[in-house]
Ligand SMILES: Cc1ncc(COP(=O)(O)O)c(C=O)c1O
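Presented as structure tokens, the chain that follows is alone, the form predicted alone.
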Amino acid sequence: MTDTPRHSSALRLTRADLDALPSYVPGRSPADLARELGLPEAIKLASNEVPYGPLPGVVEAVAEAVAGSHRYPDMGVVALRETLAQRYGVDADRIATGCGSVALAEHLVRATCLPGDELIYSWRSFEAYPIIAATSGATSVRVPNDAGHGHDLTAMAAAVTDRTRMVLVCNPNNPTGTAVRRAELDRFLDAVGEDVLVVIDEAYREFVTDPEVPDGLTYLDRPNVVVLRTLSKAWGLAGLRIGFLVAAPAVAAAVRKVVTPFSTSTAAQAGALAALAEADEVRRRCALVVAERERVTEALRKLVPEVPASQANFVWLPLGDRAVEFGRACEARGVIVRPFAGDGVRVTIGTPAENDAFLAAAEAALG
């Protein structure tokens, strides 16, 4: 009799249900594409980064913090939480920090959902949502976007059952850039009731210019509302991975309990504190992005009239089955965009020169 080999390929050591789960897809490396095409450089407009470099003082603050990297960071993130509390006019006990807002969304699901509980979100929305749900054992309930590529909040409210524990509202929505306005969000929150956690994911809040799109922090009188924010986008700290949430004190405390210990690094805390001191410069940079967003949108609508208005730092081309082909055509001209097969293409707003290069690629592909 032959024993089963200890390292048999038939032996499963991980969850079988993860086989059907798509992996998160990062933006392609511009250095790799440049080498492939024989170009001095390529342009990356795939990851919603702001193109203007770190804010003043951030590099110096991070360098100083790294000198103490042999010590653990402040696990309570006290100085940063107090600074955020002062900036946004909330109590510090309402704030939890983590490795980006996406990590905090994961911690929220961990703190609220048991296997079989339901998590509702619009689709298409942020591609990490189904991964977060699956790895937490929650059941994804995807509600199709409306005809305008935004959240159908009426249908989302109708999808709530007695198993629903959490609803994610991405506002503005990634990847379509569309935004929910106050009147419809008010109706949605009234319909859902107070026994379901409603998480308003505002990673792109700083780019919003429509006065009818509400600041999620104005809903904190509702104990079931949580607001997610990130310092990766407008605040230029994508490489340091830091975000925060604002919630009822009990919800924030539960999240702080399940957060991976010491996950907000010393460098990230120092960089965040330095960045938050540069609010005027952030507003200036966001205004540059918004101006380019409007210019790019106007140009694209001559090629794809259905491009929706964006309230984020990217635009959405609803190209359907042509999305992947369009992405390849842009890469052939040295511009990396983010296609979503069968749905559309998300394009980050870069510098004017980068945007001009993209528009030339789009004209060649679609004109």
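What you see is a predicted model, and the numbers here were worked out from it, not measured in a lab. Residue numbers run from 1 along the displayed sequence.
Absent from the display: the form predicted together with this ligand. The rest refers to it.
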Heavy atom to heavy atom, is His149 within 4.5 Å of this ligand in the predicted complex? no
How about Phe126 - does it come within 4.5 Å of this ligand in the predicted complex, if we only consider non-hydrogen atoms? yes
Is the gap between Ala203 and this ligand in the predicted complex 4.5 Å or less for some heavy atom pair? yes
Though only this chain appears here, would Ser263 touch this ligand in the predicted complex if you measure heavy atom gaps against 4.5 Å? no
Would Arg94, Leu220 and Asn224 all count as contacting this ligand in the predicted complex, using a 4.5 Å heavy atom cut-off? no
Go through 82-90, 114-122, 95-103, 285-293 and give me the stretch that gets within 4.5 Å of this ligand in the predicted complex, heavy atoms only. 95-103
Have a look at Ala275, Cys170, Met166, Leu245 for me and say which one sits with a heavy atom within 4.5 Å of this ligand in the predicted complex. Cys170
Answer option from Ser136, Asn145, Thr297, Asn174, heavy atom within 4.5 Å of this ligand in the predicted complex: Asn174
If you apply a 4.5 angstroms heavy atom cut-off, which residues in 212-242 are near this ligand in the predicted complex? Thr230, Ser232, Lys233, Arg241, Ile242
